[in-house]
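As a starting point, one isolated chain is supplied in structure tokens, in the form predicted alone.
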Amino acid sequence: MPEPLRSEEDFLALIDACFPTAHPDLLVPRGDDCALLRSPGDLLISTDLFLEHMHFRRSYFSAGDIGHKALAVNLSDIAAMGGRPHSFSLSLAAPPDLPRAFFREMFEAMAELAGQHGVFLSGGDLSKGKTLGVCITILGQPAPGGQVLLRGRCRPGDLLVVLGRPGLARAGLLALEADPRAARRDFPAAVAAHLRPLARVDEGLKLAALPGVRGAMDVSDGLARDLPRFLSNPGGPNLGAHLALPPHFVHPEVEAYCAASGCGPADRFALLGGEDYALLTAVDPDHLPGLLKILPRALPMGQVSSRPGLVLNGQPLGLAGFDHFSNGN
């Protein structure tokens, strides 16, 4: 019989075994009513929920996948601002039937990713729940020099660039939903993109240091929905974009998935995306060569226009992307 965690003290002991309890910026260790952190100056703050049956299924997510992705999506928010992650808090709703080994695997994967990015766990909260739920609040520091990559700062004529492979995580999700075993066999890169997304912190920091970069955004709901958000300017007219995707924009596994499933053109599928956690940016055309020299895997994908709306290959793009409160894409 798998050993359960029988009390809050059991959980806290396991957390302390997986995450360091001391850090130079953690002035009061975990366990008091609040953490006391040494402020590194201006702070970036973001929060994400990661809920069973909404964001993941235990039928094909391992405990390690859950721990990794719950933190990765928060790290991606810091990356999109061109920041360096600093620390995070973890709140957990845990079903009583999950064994100790499940949570150890989950915490160890989360701790491994935290170590890769130099972030520490400052505290959090625990509760029993009917289903597994994770909420992480992450703190970060602006890039050296204080530049923060914001939305809504594009200008007509700017070139749009994406770091990552849009649509790959969506192909992984749909393949896993249909047949997890076949998905892992036929679409390994897509499955990995969905289960263990890459947090592009180093790329975000490089973007923040480059001249001519207007801002950035992480693509979590698909380019078709996130690109208009990126272009929206609260202090002026909304902009649009003329998209011209390069031949290598669509990952081969997205092409293969679309061909096997009959889900339509792969370029439109890639623009719907969802949970890509790619970085979207815009750059002054004169500075694109410098960006591509520093970030050679960046994919130019179009140009900002003064007319609202998205146009793909000369035709209006009638795609909406993902919305938690909408029934369809």
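Just so we're clear, the structure is a prediction, and the values are computed from it rather than from any experiment. Numbers follow the displayed sequence, beginning with 1.
Heads up, the form predicted together with a further copy of the same chain isn't pictured, but that's what we're talking about next.
- Checking M81, A241, M110, A169 against a further copy of the same chain in the predicted bound form, a heavy atom within 4.5 Å turns up for just one residue: M81.
- For the options L210, C135, A256, L198, the residue carrying a heavy atom within 4.5 angstroms of a further copy of the same chain in the predicted bound form is C135.
- Within 4.5 Å of a further copy of the same chain in the predicted bound form, a heavy atom is found for not a single one of I66, R104 and L163.
- Contact annotation for A94: at least one heavy atom lies within 4.5 Å of a further copy of the same chain in the predicted bound form.
- In the predicted bound form, a further copy of the same chain sits beyond 4.5 Å of every heavy atom of N233.
- With a 4.5 Å cutoff on heavy atoms, R229 counts as touching a further copy of the same chain in the predicted bound form.
- Though the partner is left out of this view, Q116 does not reach within 4.5 Å of a further copy of the same chain in the predicted bound form, counting heavy atoms only.
- Comparing 30-38, 282-290, 295-303, 259-267 against a further copy of the same chain in the predicted bound form, the single stretch with non-hydrogen atoms within 4.5 angstroms of it is 30-38.
- Taking a 4.5 Å heavy atom cutoff to a further copy of the same chain in the predicted bound form, the contacting residues in 43-72 are L43, L44, I45, S46, T47, D48, L49, L51, H53, M54, H55.
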